[in-house]
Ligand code: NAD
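Presented as structure tokens, the chain that follows is alone, the form predicted alone.
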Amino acid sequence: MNDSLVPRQSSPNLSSTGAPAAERYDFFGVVQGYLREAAALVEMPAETLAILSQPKQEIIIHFPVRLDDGTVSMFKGYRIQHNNILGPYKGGLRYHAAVTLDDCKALASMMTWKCALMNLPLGGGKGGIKFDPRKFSQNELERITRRFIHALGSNIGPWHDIPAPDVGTNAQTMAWAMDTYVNTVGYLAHTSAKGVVTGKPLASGGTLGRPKATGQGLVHCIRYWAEEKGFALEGATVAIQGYGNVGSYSAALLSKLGVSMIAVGDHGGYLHSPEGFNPHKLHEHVRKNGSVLGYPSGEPITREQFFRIKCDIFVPAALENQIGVAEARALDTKLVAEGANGPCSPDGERILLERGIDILPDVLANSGGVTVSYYEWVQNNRSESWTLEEVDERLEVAMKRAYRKTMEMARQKNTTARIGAYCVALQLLMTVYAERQIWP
């Protein structure tokens, strides 16, 4: 083996939106705080809270990959399996330079709450590799993915732990992951093993409606909020931070409702256009160039200017901890709809609510992705293929039910929508633990 190790990594101190990441931001601690607050409101037994406070398993893997230039680089991968009382672990694989163990723990626990809120027979998991995928070739990304999945081995499986796309990964990543699993661990049952991951390309066992699912679920929640508030979406404006899968589909779907995207940003920079961007042309530009940077329409602005743009709806669809105190004070909007996980810090959320700005919390607002991933998993296990209309209809029914439960719980407990969503999820988990007890 070539012993020349070349860690072609980027600095973990920069976020995917070009902003300095907060030093030592305790994302897992933040999620734990929400858990404790909701647990007190639903009077969760101490032993159940103790179980849900930590993951069942934390897997860390170091593995070598030969790069295109012949050198070998070491990579660090994680897989956190938080809870499986409702069913197999479920959660994305993230490729990003800032991936950490505690962040994966936070995201895995949030997946447990999402699956319970959406009443899915799945638990929470999350994983990733600490590296910047933009610095590697397509062939290198394939080798990195296959080597990671091979290293995970039987720690994942269609009835045990089911990864999906996340930041820095996509359908192609899932196709490599599924093929690697099928040809190693799952070689005795190739067909059923397709369900080891979701978010796959359609021809490789994916489902219609999965690429847009997270954005679609978010837009459903925005619609329900608008109906509740008597707010007309036709002619409204939106600013979107992060223009990957969630951001781009949210923009396109909102445009069909008459909402104009007037500001957008990602790791490359930020743009403003009072007359609005064409979401499809911008998506094509990002697909070809990797960023909104250089898009000919719109005026380049700073991150600080972006957060001061007056708009009706603000969609953070990048990484966690993007809306802190300064951003919350600067935002001039009616609604923050969380397309990302944990985009608001607790202090930022407090300021937004004090200013009368509504928040659609991540646990509810971006749960369309895992819901349609569940539909894909069901189709794989049943060897079925559903129509787009069937997937869309099921998703809308599920999102409406979860939205109503969340808002009703928030009213009953006199709390925020975020804690209301947690309360709904924890009540189901409490019931299951009470029925099943602790073995032995």
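What you are looking at is a predicted structure, and each value in this text was computed from that prediction instead of being measured. Numbering starts at 1 and follows the sequence shown.
Note that the form predicted in complex with nicotinamide-adenine-dinucleotide (NAD) isn't included here; everything after this is about it.
For the options Ile156, Leu319, Ala263, Met118, the residue carrying a heavy atom within 4.5 angstroms of nicotinamide-adenine-dinucleotide (NAD) in the predicted complex is Leu319. Among the residues Thr207, Thr214, Thr173, Gln81, the one placing a heavy atom within 4.5 Å of nicotinamide-adenine-dinucleotide (NAD) in the predicted complex is Thr214.
Only one segment in the set 238-246, 293-301, 72-80, 220-228 has residues whose heavy atoms sit within 4.5 Å of nicotinamide-adenine-dinucleotide (NAD) in the predicted complex; it is 238-246. nicotinamide-adenine-dinucleotide (NAD) is not shown here, and in the predicted complex it never comes within 4.5 Å of any heavy atom of Asp161.
Contact annotation: Asn341 falls within 4.5 Å of nicotinamide-adenine-dinucleotide (NAD) in the predicted complex, judged by heavy atom distances. Not displayed here, nicotinamide-adenine-dinucleotide (NAD) is kept clear of Lys105 by more than 4.5 Å at the level of heavy atoms in the predicted complex. Taking the partner from the other structure, nicotinamide-adenine-dinucleotide (NAD) in the predicted complex has no heavy atom within 4.5 Å of any heavy atom of Thr145. Shown here without nicotinamide-adenine-dinucleotide (NAD), the chain has only Tyr270 in 269-295 lying with a heavy atom within 4.5 Å of that partner in the predicted complex.
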